[in-house]
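Shown below, as structure tokens, is a lone chain in the form predicted alone; questions about how it binds or moves come after it.
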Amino acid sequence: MNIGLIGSGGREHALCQKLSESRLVDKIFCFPGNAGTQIIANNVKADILNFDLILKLIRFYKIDIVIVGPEEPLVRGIVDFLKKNKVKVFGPNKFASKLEGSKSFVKNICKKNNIPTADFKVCRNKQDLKIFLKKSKFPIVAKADGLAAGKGVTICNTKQQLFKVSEEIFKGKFQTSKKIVVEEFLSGDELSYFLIVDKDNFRFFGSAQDHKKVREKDRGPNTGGMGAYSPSPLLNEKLEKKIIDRIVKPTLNALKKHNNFYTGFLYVGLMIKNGEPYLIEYNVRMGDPECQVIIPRLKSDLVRIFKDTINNNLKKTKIIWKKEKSMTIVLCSKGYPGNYKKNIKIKNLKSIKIDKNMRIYHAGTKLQNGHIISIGGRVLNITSIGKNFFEIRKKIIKILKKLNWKSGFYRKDIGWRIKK
């Protein structure tokens, strides 16, 4: 069969690589893909928010199944559009995608269904903020209500900082919303918990720990993700049961009450405090860079899993995982998450030799006149599996040093909190 994959990041390269290993696949078409996907698939230049164009390309290339990678087309309703046009597509519909597209939507579901989460208030102006401040202590977390490419969350330590961040959002900094969700700061350990969901069932699809802050020891501004590791040592059977019973099932049931069924990947972002899970956020797709550490650990055929999900047959699906651990470090353009230069050659990449346990996933890259050049803030993901996180990290950093890309930087401490 022919597969269509929408997106151009490290997540999509990881998915594309795994899809290419399936015997069920004839051809893969990436819209638009990157320099990494171009080696194993057919890149097709396209605006992924132009749904009419995407539909024409799907029909032209006789694509059987479409996989949607990033959040924005999901939130804008690409799944509804494609299904209406009789295209088999993997991902949640527009209503269900509000789990990521609107922080206030999620918080209201939590409130109505007693889902454990931080105390919050949806604010539309400065006066709303003042009301919340009367009963709150700093630090306070400020979140843009809509999509913000992983950069819409700020931990505010002072009233001045909170008002400044809020005012920027009220004035439309992120374009997706002029509302802000403020909530109490929860201390504890973060956990990324993933599921794959069809209309009637869901299955565990890995755990991970992302590193959002740009600098070592989790300092500096938030990014889209500087690295990750999998599995999370926090997860155990007792905690997982709490996550499913108190958070996942009530959320999926709340959507069903609106005659909407969630299908696709579901990322459950959690804070674990004294053994208790609290919902921080939902994402309606695989995380990036979490996908780059979860997918290498997957033994099962990913195409078969996607087919079973689309056909509402997950109950009979076997999902088998490797025992090894996995880690990725993201190589970024200098200046990220602020301003950075583009169109810079990555000269040594073709000469880098890696073993069977390593992958180099492309993100912000393209092939131009035979050269791989950078076009994004997050450029490459160096990923490896092994038995020990410390040894895996050493191995990845060794590759990054050999690559020696002077226009880039990376965190050398991914997994700094883990003990082995």
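Numbers for residues come from their place in the sequence shown, where the first is 1. Only a predicted model underlies this, so the values are computations on that prediction, with no experimental measurement involved.
The same protein has a further form, the form predicted together with adenosine monophosphate, not shown here; the description that follows concerns it.
The partner is absent here, but in the model of the complex a heavy atom of E183, alone among D308, E183, D145, D301, sits within 4.5 Å of adenosine monophosphate. Of the residues L255, I319, I155, I244, just one reaches adenosine monophosphate in the model of the complex with a heavy atom at 4.5 Å or closer; this is I155.
Residue contact check for E281: one or more of its heavy atoms lie within 4.5 Å of adenosine monophosphate in the model of the complex. Taking the partner from elsewhere, D198 is found to have every heavy atom lying beyond 4.5 Å of adenosine monophosphate in the model of the complex.
Within 4.5 Å of some heavy atom of adenosine monophosphate in the model of the complex lies at least one heavy atom of V141. Within this chain, L234 is remote from the site of adenosine monophosphate in the model of the complex, having no heavy atom within 4.5 Å.
In short, of 293-301, 337-345, 185-193, 164-172 it is 185-193 that has heavy atoms within 4.5 Å of adenosine monophosphate in the model of the complex.
Taken together, K103, A118 and K212 are fully in contact with adenosine monophosphate in the model of the complex: each brings a heavy atom within 4.5 Å.
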